[in-house]
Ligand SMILES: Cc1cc2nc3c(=O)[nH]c(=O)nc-3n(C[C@H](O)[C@H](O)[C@H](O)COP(=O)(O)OP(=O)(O)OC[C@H]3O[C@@H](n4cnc5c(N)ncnc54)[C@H](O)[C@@H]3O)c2cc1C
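As a starting point, one isolated chain is supplied in structure tokens, in the form predicted alone.
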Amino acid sequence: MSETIYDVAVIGAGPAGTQAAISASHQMKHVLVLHAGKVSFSRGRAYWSKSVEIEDAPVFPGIIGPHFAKALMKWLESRPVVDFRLGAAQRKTGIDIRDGMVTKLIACDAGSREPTVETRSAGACPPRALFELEASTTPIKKNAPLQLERFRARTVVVAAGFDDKWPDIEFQAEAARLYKQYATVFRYAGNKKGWHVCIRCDGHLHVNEHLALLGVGDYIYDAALGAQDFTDKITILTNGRPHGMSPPVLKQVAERKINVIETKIKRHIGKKTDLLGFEMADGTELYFHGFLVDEGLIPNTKFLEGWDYQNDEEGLIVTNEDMQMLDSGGEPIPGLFAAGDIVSGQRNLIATAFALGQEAGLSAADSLRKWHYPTE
């Protein structure tokens, strides 16, 4: 157990988490960033832009995903922890960075939480700590126990993002880890001629080219609506499932002359990391210029299990204008904030993540001020 009580703990080191940490540290707060990348091998959307240069990040133009992740880490490292004095008080400011996948978020103020939320008694948590974060701090290995550490903080910013769901093409069911299960898919992910997950981010790479969109239901038609800004050559692939689109959407699909193919995909056709097309289960081969998959998402919020907080139908977190998480009654949860792709109703873009991270980091820092506007 770390004896340090951080002012702000940030879960996630993507653009939202990094910006939240930087903004809070600029307000002279002592910040902990828990980065799951080396522990869980989870990667956010920005990372999967492996060979496509990021063009919509305001301060990191022309950089590819892995380099972007390194640049964010370097930015965090530019704010080391230092001591300073404010009046008679000795304090710390800056950012501690730890490899850690948060497994549980625990409320320290047991008397004010719902009984379903695991809590620590007043004697187990120091008076200034509102939260205890349990985190696995070493790489997760099959059949090996987790190495857990606990950290304490007065406020928490959840910037853990989500994992995109991927199609079961050449799926390795015997592999234990997500990114090994989908190793073949990921070989083609994040390249100009490969899988894309964001039509707004990468659609401009395929102007007037033929796009294949993989997904089902009205959900995939959202991607087709976005694709119209770039091309009118669109095919929807369902990978062997019924299309699931509602009659009004299906009518518009027909009017736009979008072809819908419900045949199962057998394998990728590619050259090195370039995806060229697919071999279908019926033996036919299909070729396209660009590919987008939208099978939904998996929010990285397992550590919030038992908490009473609002989320949408996809599991994304609902916040108020200060990025503070809300309980089921619509009331702000003291000390708990969220930012980035994990927030409901926001565009999943890097520039948006930076903005939300800044708001969350500043709001968390502001909540710790001794003096506030008088209520009367």
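Numbering starts at 1 and follows the sequence shown. Because the structure is predicted, anything quoted here is derived from the model rather than measured.
Just so it is clear, the following notes concern the form predicted together with this ligand, a form of the same protein that is not shown.
Exactly one of L349, L316, I64, I333 has a non-hydrogen atom within 4.5 Å of this ligand in the model of the complex; which residue is it?
Spelling it out, the residue with a heavy atom inside the cut-off is L349.
Between the options V216, V197, A224, V249, which residue brings a heavy atom to within 4.5 Å of this ligand in the model of the complex?
Exactly one residue meets the criterion: V197.
Verify the flagged residues A9, V59 and I95 against this ligand in the model of the complex: is each one within 4.5 Å by a non-hydrogen atom?
Heavy-atom distance to this ligand in the model of the complex: none of the three under 4.5 Å.
Interface membership of E55, this ligand in the model of the complex, 4.5 Å heavy atom rule
Yes, contact at 4.5 Å.
Exercise: D202 in contact with this ligand in the model of the complex, heavy atom 4.5 Å
Output for D202 is yes: heavy atoms within 4.5 Å of this ligand.
Taking heavy atoms and a 4.5 Å cut-off, does F230 contact this ligand in the model of the complex?
Because no heavy atom of F230 falls inside 4.5 Å of this ligand in the model of the complex, the answer is no.
Is D164 close enough to this ligand in the model of the complex to count, meaning some heavy atom within 4.5 Å?
Taking the distances in the model of the complex, the answer for D164 is yes, it comes within 4.5 Å of this ligand.
Looking at 250 to 258, 272 to 280, 148 to 156, 297 to 305, which stretch has residues with any non-hydrogen atom within 4.5 Å of this ligand in the model of the complex?
It is 297 to 305 that comes within 4.5 Å of the partner.
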